[in-house]
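We begin with a single chain expressed as structure tokens, specifically the form predicted on its own.
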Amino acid sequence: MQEIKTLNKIDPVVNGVLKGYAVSDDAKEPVGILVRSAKLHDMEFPESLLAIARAGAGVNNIPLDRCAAEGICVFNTPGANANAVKELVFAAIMMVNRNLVEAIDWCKGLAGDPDAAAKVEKGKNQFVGPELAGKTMGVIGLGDIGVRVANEAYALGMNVIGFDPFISVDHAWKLSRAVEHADSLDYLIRNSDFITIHVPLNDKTRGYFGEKELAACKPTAVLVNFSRDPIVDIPAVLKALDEGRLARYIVDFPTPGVIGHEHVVAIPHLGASTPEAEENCARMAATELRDYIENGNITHSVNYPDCAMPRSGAMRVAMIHKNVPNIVSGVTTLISSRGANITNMTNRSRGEYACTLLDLDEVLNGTLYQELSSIEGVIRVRLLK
């Protein structure tokens, strides 16, 4: 029985999805790994490992380049926790806008006071806060979460500006027509009362929101970061808060620099911390893992191109290789020389890597695996029956 290793507490829904596999945290030769927040950068991967599935969106805890070079496909679960994050974004904004934390703490101080009711009526004015309706929400990044946030903001009566020069067709269809499309980030920032960031962390987005962007903010603006901490230049944000150039900063990734600051609301990474989100992420990760192990199909990979097709024929050849000329032609020539017919085929590339799936009308054994593996540029070959 093939093994799947879990590196964190994963929702038990995976046991149903991965029925027929040995799922445990002590697997010695796993074909797959299910992970949430565990750090894998220093982990030595066994030769048996085919794929890693992250039950969540962020993958900064996984060495993507090393995995790609070793033929290990890495998946994430975009959208599985989108509703949970969206809800917390608005919970945090409303909490800040209506001064709820301060009001609740003040009310706790009246415990045991026989005049509490009278003092409440007299003191409540100090916590007056504005409504969201009529204010402008700027949403940076219109993926699964950003689209939901934008649509929800509009439903609450807010004016909404969205910015995402790389929005997908699928996400564009889901976005409300009432959302104004900004041609520049600067326009969104200058016209927003609330600015919420929903972009992935990578080399291009590290420090994405810095001094230049903060200089364009209204002094009354609230900046919201439920993406990843390094996307925002923290020293620049703290300076802007101290100088009154930014009103509040809400972040789901507390760091020593922001914890305790009077104008920062730091939440302990609760964006996806709902039972529904954890179950959704676990199910999606396990499904991606199983489909790849059994069919070679790649969906939501972060280090290889997505590459999938329905099974046909008697055997499937699943390959990961460098994105260079002549590999695919070399593979098809080799298969044709064996007298087999290719019933279906797909090839996808991204950057320096490519993936190819070929379905054959008969099962080929013998030295086919060795011959395919010896083609220059091929990283991994699997023959699936």
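The numbering used is simple: start at 1 and walk along the sequence shown. Note that the coordinates shown come from a computational prediction; the quantities given were computed from them, not determined experimentally.
Omitted here: the form predicted together with D-malate (MLT). The next part is about that form.
Chemist: Does any part of residue 269 reach within 4.5 Å of D-malate (MLT) in the model of the complex? Heavy atoms only, please.
Modeler: Residue 269: contacts D-malate (MLT) in the model of the complex.
Chemist: Within a 4.5 Å heavy atom cut-off, is residue 348 in contact with D-malate (MLT) in the model of the complex?
Modeler: No, no contact at 4.5 Å.
Chemist: Against D-malate (MLT) in the model of the complex, would residue 48 count as a contact residue? Criterion: heavy atoms within 4.5 Å.
Modeler: Contact check for residue 48: no, nothing within 4.5 Å of D-malate (MLT) in the model of the complex.
Chemist: Closest heavy atom of residue 330 to D-malate (MLT) in the model of the complex, within 4.5 Å or not?
Modeler: Residue 330 lies outside the contact set for D-malate (MLT).
Chemist: Of these, 81, 301, 192, 196, which has a heavy atom no more than 4.5 Å from D-malate (MLT) in the model of the complex?
Modeler: By the 4.5 Å heavy-atom cutoff, the listed residue in contact is 81.
Chemist: D-malate (MLT) isn't shown here, but in the model of the complex which of 57, 360, 62, 357 has a heavy atom within 4.5 Å of it?
Modeler: By the 4.5 Å criterion, the partner-contacting residue is 57.
Chemist: Thinking of D-malate (MLT) in the model of the complex, which stretch from 63 to 71, 36 to 44, 330 to 338, 315 to 323 has heavy atoms inside 4.5 Å of it?
Modeler: Selected range: 36 to 44.
Chemist: Would you mind checking 217 to 256 for residues with a heavy atom within 4.5 Å of D-malate (MLT) in the model of the complex?
Modeler: Only a single residue, 228, comes within 4.5 Å of the partner.
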